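First comes one chain, alone, set out as structure tokens in the form predicted on its own.
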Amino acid sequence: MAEKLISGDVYFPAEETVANSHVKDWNALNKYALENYEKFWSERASELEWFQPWEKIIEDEDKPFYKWFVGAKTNIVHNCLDRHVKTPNRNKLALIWEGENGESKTYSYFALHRETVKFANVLKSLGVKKGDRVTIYMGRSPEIVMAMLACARIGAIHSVVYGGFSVEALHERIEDSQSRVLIVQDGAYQRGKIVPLKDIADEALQRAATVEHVLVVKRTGHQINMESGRDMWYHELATLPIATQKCPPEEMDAEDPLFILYTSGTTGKPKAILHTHGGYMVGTYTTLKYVFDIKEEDRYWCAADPGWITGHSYIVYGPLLNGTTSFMYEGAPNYPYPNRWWQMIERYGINILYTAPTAIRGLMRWGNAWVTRHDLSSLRLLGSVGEPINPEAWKWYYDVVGRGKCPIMDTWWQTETGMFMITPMPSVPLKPGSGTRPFPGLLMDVLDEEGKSVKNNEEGFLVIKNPWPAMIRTIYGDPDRYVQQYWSRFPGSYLTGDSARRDDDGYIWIIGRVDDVIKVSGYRLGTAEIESALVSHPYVVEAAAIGLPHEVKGNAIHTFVILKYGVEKTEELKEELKKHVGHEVGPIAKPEHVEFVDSLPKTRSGKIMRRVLKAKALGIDPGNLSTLED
């Protein structure tokens, strides 16, 4: 495919961007990776250090329970920290942190290594050993990174629960993982208030019989309950002689578990996704290096939370594997004012910003002046994650935040995939709203109900047709559910649960979850398409669309709309928005109903929970709400 023949609304990279990229010719790399798949990943893995080499790249005898780098021994933390401490990188900043209250801290690779060893020794002193599960329930602080790395260093399996989940959600995850140790902060700052993490944990622990020790990290210093014999302050244990001893990384098999992370199912309890040391390490290292074109001098900011997969892969592990400098911020994007993010980018000279469309639309709502008053010239790349980004938000992000000079890496992937799956690179032409093509070497397809490939520009089920290093290994404690959920619908292919279409250039457009496709009078309409049309209206910031039963059409479209600050909510505007969608998408997509709202129910990763809106509209039980943001 000749790049210059690409059709549609296309943004071509500057010649200088292409010349300076790790990957100058995407097509050549993709051809090489497809023809030499195992060799391609073997070469990437060889850029990292292994205690013992692999005998086999992929073992597929027991499909779909694939194994990668079979026979190899490693530890992801050795590659995140110890490897760099032996080089001049030891003095390089690994982490720059700013608290919501303006407090700041920095850690070199040497310092982060020292603190991780200390944390690991404290965990060992509590009896934590290889294979034990440790639940982590904290805010965005440097200690959450240290806690995760400390677990992995000694071979324990960490289970991070987002520091804002409810009592029930925390309890459910502790019970499912059978964790013996909980690491919790006293509290975290969010919008000037204290999130009482320890209080929530105390309530959850009344029902969690497995936890023997609670390690409390001090952040806010407010008064909390400390249960004698169970609760211990981390800072007190960290000063004991036992904490300062040497603690070499545990030698792990490539297939030994690294972590479990819970993700929402459309039904039933959250699924514990299991990732391993070897393949996950190679996948996250390679994808971050190529997609965000990591350079020695970069200051990279992934504005997610360590409590979901983007934080695991691209705040904690990926950046440290690449020896880059990461920035982390504790609080809300618009606290105390809507320029907080832009202020920090200017202050710290951030080069790369990776965030979610929901944050972009939220900041867009405040207008351009909050952005343009700051010098954001240090930025060279932008990124998007979590859900399809509508073209209006994409263009605002590109034009206003990136000053028309920063390519946007719009990435599609999942908790289950562990790494970017559909993604551009800086040298690739971009189409607003599409994540472009699969990462080199990956085979993906769009299938119909019978499992046959659909024609270009037709919608269908998005599937992955070959294994990849950072792939989910199983659902922890429930291998049957793993097979049933992901591999049974189209045998031999991994079912993503998303619907998509492929255009004539091979670019993939994610429509939304399969259950987020509305069939109106026999036509399949993606919620993302309707929502994008609404957001393209000058008064609309964010929107959600659902299908509700209709006796004539089968389904009718109901929409929920957040208006820009100061716009009046009138019946006339509702009619105008209905016409606008009809004009943008077609008469069939015209909503039956428009409701003005101040917020939308979302998961922690920023995905709109349409089933909650649907349940509310139908007056039925919304089911499991443990992944609801608020």
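Residue numbers run from 1 along the displayed sequence. For the two forms, the rigid core is made up of the largest set of C-alpha atoms that agree within 1.5 Å on superposition. Keep in mind it's a predicted model, so treat the numbers as computed, not measured.
Missing here is the form predicted in complex with a small molecule; even so, the following discussion is about that form.
For the residues 310, 75, 287, 276, the 4.5 Å heavy atom test against the small molecule in the predicted bound form is passed only by 310. Only one of 413, 189, 476, 234 comes within 4.5 Å of the small molecule in the predicted bound form through a heavy atom, and that residue is 413. Partner contacts here mean any heavy atom within 4.5 Å of the small molecule in the predicted bound form, and among 332-340, 195-203, 404-412, 212-220 they occur only in 404-412. Although the partner is absent here, residue 86 sits far enough away that none of its heavy atoms falls within 4.5 Å of the small molecule in the predicted bound form. Contact between residue 384 and the small molecule in the predicted bound form is found at the 4.5 Å heavy atom cutoff. At a distance threshold of 4.5 angstroms between non-hydrogen atoms, residue 388 is in contact with the small molecule in the predicted bound form.
In the predicted bound form, at least one heavy atom of residue 513 sits within 4.5 Å of the small molecule.
Superposition on the rigid core between the shown form and the other one places the CA atom of residue 515 2 Å or more away from its counterpart.
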